[in-house]
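Shown here is one chain on its own, the form predicted on its own, set out as structure tokens.
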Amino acid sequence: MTGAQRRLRWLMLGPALAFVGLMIVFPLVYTLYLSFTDAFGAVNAEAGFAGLRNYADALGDGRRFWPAFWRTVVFTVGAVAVEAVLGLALAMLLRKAFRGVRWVRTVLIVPLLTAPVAIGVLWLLILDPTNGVANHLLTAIGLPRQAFLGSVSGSLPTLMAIDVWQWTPMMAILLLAGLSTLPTEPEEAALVDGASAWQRFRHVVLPMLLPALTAAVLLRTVDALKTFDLIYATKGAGGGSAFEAETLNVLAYGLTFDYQEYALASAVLVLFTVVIVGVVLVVRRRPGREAV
């Protein structure tokens, strides 16, 4: 590559690199800076150096931070695990052509076309304890009414179920794309050898699909960790009156906009970023990481 070609390459990459630096690197660096200050009340107010005090306050907060942390873990692991299983099952069903398969695939993507806030409002109406369709259906078949999102203990499982409803189709589409790239010869050879459908799936299809499955789970896990719109739209500030659905994202939002504790909120966000990076590194170390 000549010198002129190198200069042209950097000239073409320059705008993209500048955009990344402005929109991604600067907010991260500024958040990290705020986390070491005592910023409070206004972002542009004078802030002194506070060292690791905000991190100590966050990690020592057993009332809000750690419950929010474990809710984030439970929500993410539970929702993604169910989405992976259901998505894989749907992908296997849609793998073979059948009459109306195009319509089924089209219907599958409908939840993905709707904004999370709209999804939250829709389910808030469906699951309303008094006038919601869900309770009318339950009483129609002789079952007791449920509080759903109005329950302290039932809010998080209900939110996980809504997340599964919305994002399982995406998992299915990603895995269906992975299935379409697999060679057919190994499965055909197993069929000739007399392997059952389960044996072909377990010992032939699944090992070949593992890189695509790992990539899909990683993408969905990172996205689930950042869930905010759905929780805020259905439970409001703090994730409910008893913080029953408060995750790290919701906690950081509340500290910022409700309490103006910018320094503490920044520390929470930095810790949250560390969690996300840790999850990515752990998943990438699993088998199939070459596809991620």
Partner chain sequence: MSAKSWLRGGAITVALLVLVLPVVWMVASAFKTNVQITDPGSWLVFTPTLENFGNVLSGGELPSSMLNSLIVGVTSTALSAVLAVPAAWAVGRFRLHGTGSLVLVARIVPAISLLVPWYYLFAQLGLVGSHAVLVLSHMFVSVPLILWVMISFFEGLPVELEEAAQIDGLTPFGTFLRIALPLAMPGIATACVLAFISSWNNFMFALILADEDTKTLPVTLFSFVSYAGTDWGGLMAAATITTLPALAVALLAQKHIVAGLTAGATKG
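Just so it is clear, the model here is predicted, and its values are computed rather than measured. Numbering follows the first chain given and starts at 1. Throughout, rigid core stands for the largest set of C-alpha atoms superposing within 1.5 Å between the two forms.
This next part talks about the form predicted together with the partner chain, which is not shown.
Between the partner chain and the residues V74, V85, L125, A189, the one pair within 4.5 Å by heavy atoms in the model of the complex involves L125. In the model of the complex, the partner chain lies within 4.5 Å of some heavy atom of A252. Mapping the unseen interface onto this chain, W165 counts among the residues with a heavy atom inside 4.5 Å of the partner chain in the model of the complex. The partner chain is not shown here, but in the model of the complex it comes within 4.5 Å of a heavy atom of N131. Using a 4.5 Å cutoff between non-hydrogen atoms, V205 does not count as a contact of the partner chain in the model of the complex.
The partner is not shown here, but in the model of the complex the stretch 208-239 reaches within 4.5 angstroms of the partner chain through a heavy atom at P211, A215, L219, V222, D223, K226, F228, D229, Y232, A233. Relative to the superposed rigid core, W10 undergoes a CA displacement of at least 2 Å between this form and the one not shown.
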